[in-house]
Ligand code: AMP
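One chain is shown next in structure tokens, namely the form predicted alone.
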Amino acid sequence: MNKLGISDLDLRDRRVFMRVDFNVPLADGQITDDSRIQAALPSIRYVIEKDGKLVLASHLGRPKGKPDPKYSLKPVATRLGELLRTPVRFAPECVGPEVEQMVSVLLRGGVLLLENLRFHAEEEKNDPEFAKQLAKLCDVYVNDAFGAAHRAHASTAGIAAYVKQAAAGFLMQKEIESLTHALTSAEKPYVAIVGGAKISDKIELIESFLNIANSILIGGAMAYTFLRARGIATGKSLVERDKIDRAKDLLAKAAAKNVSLELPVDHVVAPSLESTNSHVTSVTDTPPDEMGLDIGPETIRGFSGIIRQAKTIVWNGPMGVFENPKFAEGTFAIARAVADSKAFSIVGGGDSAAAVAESGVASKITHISTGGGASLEFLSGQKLPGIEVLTDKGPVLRK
């Protein structure tokens, strides 16, 4: 990576503004999953050990640019303090004189968590004045929030213009290195697994995989747009009619590049998502009044066989409506197949990461991305604003 990393910085006695992703699920003010807090601990502990003065900032939920108590980060400060076994002070704001005062009295190794950045509409607007106010709180900036790196917000992009050094945290570095490996130096056979509801969300991703993968396995509702492109009737299954020609184009490109683009051969169908009557049928025999909601056993066998031969696997998107247990087996079976393979494997955040966690095989995956949208854009070959603004490696400025 040609960007500064946290270990390139002199942190002793310096105010470190670290953008983290503490967008954790809450129920009745209690954190139900602290994995995002845990993921940031290596960078946080590093600053503490190096006698830095740490100012942490994050968003939580969608408070629509104004304060909303249910989206307060206060419970996160409590949980972080428990994990660090050291007090974490909490600022009732993220900018302004009171926060500046709290930062000014921070001791070496001290930690202060700011209130939700999105309580200010200026955050998501990447307002320069707001970015300047954030920059006033620090000597150096560290971004460890890969999950927000695809957003050009004040705390992920704008702030970098007003600090001397902007570096990647350990989590950000791991994400960049793993995803870059998948794009530039992965071993073959390379298998890409792409699922989810809409082909429109994944066109750039599939285009990117056509240049590097040997096989692309398509599942989820997006498979039905491809099946229609091949002239197969799909009943009531979700089809993006305005993308059928685009799917035809992708199929033709795959054939021209000798990339095996695999579609389901059978699937689990039902009259509706709520229906208790589901059954397996060939994709060529889909009843006109039913819809496909998961890949079937033959498809699982075929996909798993291809996965077994792989040396690199990248997976983004579920194979069916896995939130419903009746339509989860395809996604969980693919998760097990990826976990059982000896390949370098990446799961690209979001629903796929949730499915891997639910199926109990997360520890067998080489890298599970913490950012669904960010990993999708990175793997599609797009530049992420939160990475682009980081300082290029060169002479390190010392205090």
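All values derive from a computational prediction rather than experimental measurement. Heads up: residue numbers just count along the shown sequence, starting at 1.
Not on display, but discussed next: the form predicted in complex with the ligand.
Between 310-318, 203-211, 258-266, 113-121, the stretch whose residues reach within 4.5 angstroms of the ligand in the predicted bound form through a non-hydrogen atom is 310-318.
In the predicted bound form, the ligand sits within 4.5 Å of a heavy atom belonging to residue 220.
Using a 4.5 Å cutoff between non-hydrogen atoms, residue 147 does not count as a contact of the ligand in the predicted bound form. Contact annotation: residue 293 falls within 4.5 Å of the ligand in the predicted bound form, judged by heavy atom distances. Among residues of the shown chain, residue 323 is one whose heavy atoms approach the ligand to within 4.5 Å in the predicted bound form. Of the candidates 108, 132, 246, 198, 198 is the one whose heavy atoms come within 4.5 Å of the ligand in the predicted bound form; the others do not. Taking a 4.5 Å heavy atom cutoff to the ligand in the predicted bound form, the contact residue among 233, 183, 238, 152 is 238.
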